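Just one chain is shown here, as structure tokens, and it is the form predicted on its own.
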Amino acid sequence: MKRHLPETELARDERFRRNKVEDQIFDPRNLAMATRDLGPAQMSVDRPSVSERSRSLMHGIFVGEIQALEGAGRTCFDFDDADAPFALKLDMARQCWDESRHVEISCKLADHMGTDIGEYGESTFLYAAACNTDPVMRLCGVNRALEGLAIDVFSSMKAFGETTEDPILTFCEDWMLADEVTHVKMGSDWMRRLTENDLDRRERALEFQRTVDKVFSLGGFRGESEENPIQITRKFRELAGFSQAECDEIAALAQQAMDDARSMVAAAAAAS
């Protein structure tokens, strides 16, 4: 079997449509939608578009779970024990087990919410982050940044389920949230263990994590204000190995990303 499989070689059937992540991020139409003054949280039940937004987000979660499964599986296989200790591979194998369950749950939740597989496009950014040739970079980019985002998403979706009095959505999001805290904690612990004697390598990995965090905060998708549909969940992040200072940094990155997106929208409007 081939080691270090590129994202272009991921196996998908005809239901899946690939989106370029740069098109999604830098399309002024998407930024305008994200940064428009819509008042309190965009996932609020009184929004006319909340049904569409929640289904789109659920589909995004579904494809993200597939890629998280693929990424953790690749980490089990791509590295020799000298680069990735056997105990780390066991943790990644446990994560594969969790992610496969999440894929199944997400399929059933999508059906529950009226969404078909392939109704929305798939960006492979998560798997791309899992293609890094340094296992510490993978732990920071995937387990700490993107699985950390999953903590925020599942916590926000659980709250949405409670607000809409949907016990199925609430239960499923709560169940998956518990797993995500474990995945992020594994990433935090292994990142520190593998870089204990190489602080420069740790800082490079953390900088990669900051880049990923900023990308997925763009346009006000995540943050701590009422404008952000996905709220940063400090309590669970701290359980998963984030310090208070790291949570503050993510919040600042989210605010900077929203400000940058507004500037891009204003520039696009002025040029049109």
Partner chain sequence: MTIITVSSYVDCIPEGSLSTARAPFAPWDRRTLPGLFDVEESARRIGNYRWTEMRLFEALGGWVATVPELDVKMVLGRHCYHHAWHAELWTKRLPELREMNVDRMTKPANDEMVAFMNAISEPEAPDQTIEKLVGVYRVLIPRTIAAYTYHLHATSPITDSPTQRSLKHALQDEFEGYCDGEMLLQSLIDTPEKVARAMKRQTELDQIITAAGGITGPGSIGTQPETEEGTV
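Numbering follows the first chain given and starts at 1. Since the structure is predicted, the reported quantities are computational estimates derived from the model, not experimental observations.
Below, we refer to the form predicted together with the partner chain, which is not included among the displayed structures.
S100 belongs to the set of residues with a heavy atom inside 4.5 Å of the partner chain in the model of the complex. Contact check for E104: a non-hydrogen atom falls within 4.5 Å of the partner chain in the model of the complex. Taking non-hydrogen atoms only, F171 never approaches the partner chain to within 4.5 angstroms in the model of the complex. Though the partner is left out of this view, C96 does reach within 4.5 Å of the partner chain in the model of the complex, counting heavy atoms only. Checking L69, V215, C247, L206 against the partner chain in the model of the complex, a heavy atom within 4.5 Å turns up for just one residue: L69.
A heavy atom within 4.5 Å of the partner chain in the model of the complex is found for exactly one of R202, K158, K185, K89: K89.
Between 76-84, 143-151, 172-180, 130-138, the stretch whose residues reach within 4.5 angstroms of the partner chain in the model of the complex through a non-hydrogen atom is 76-84.
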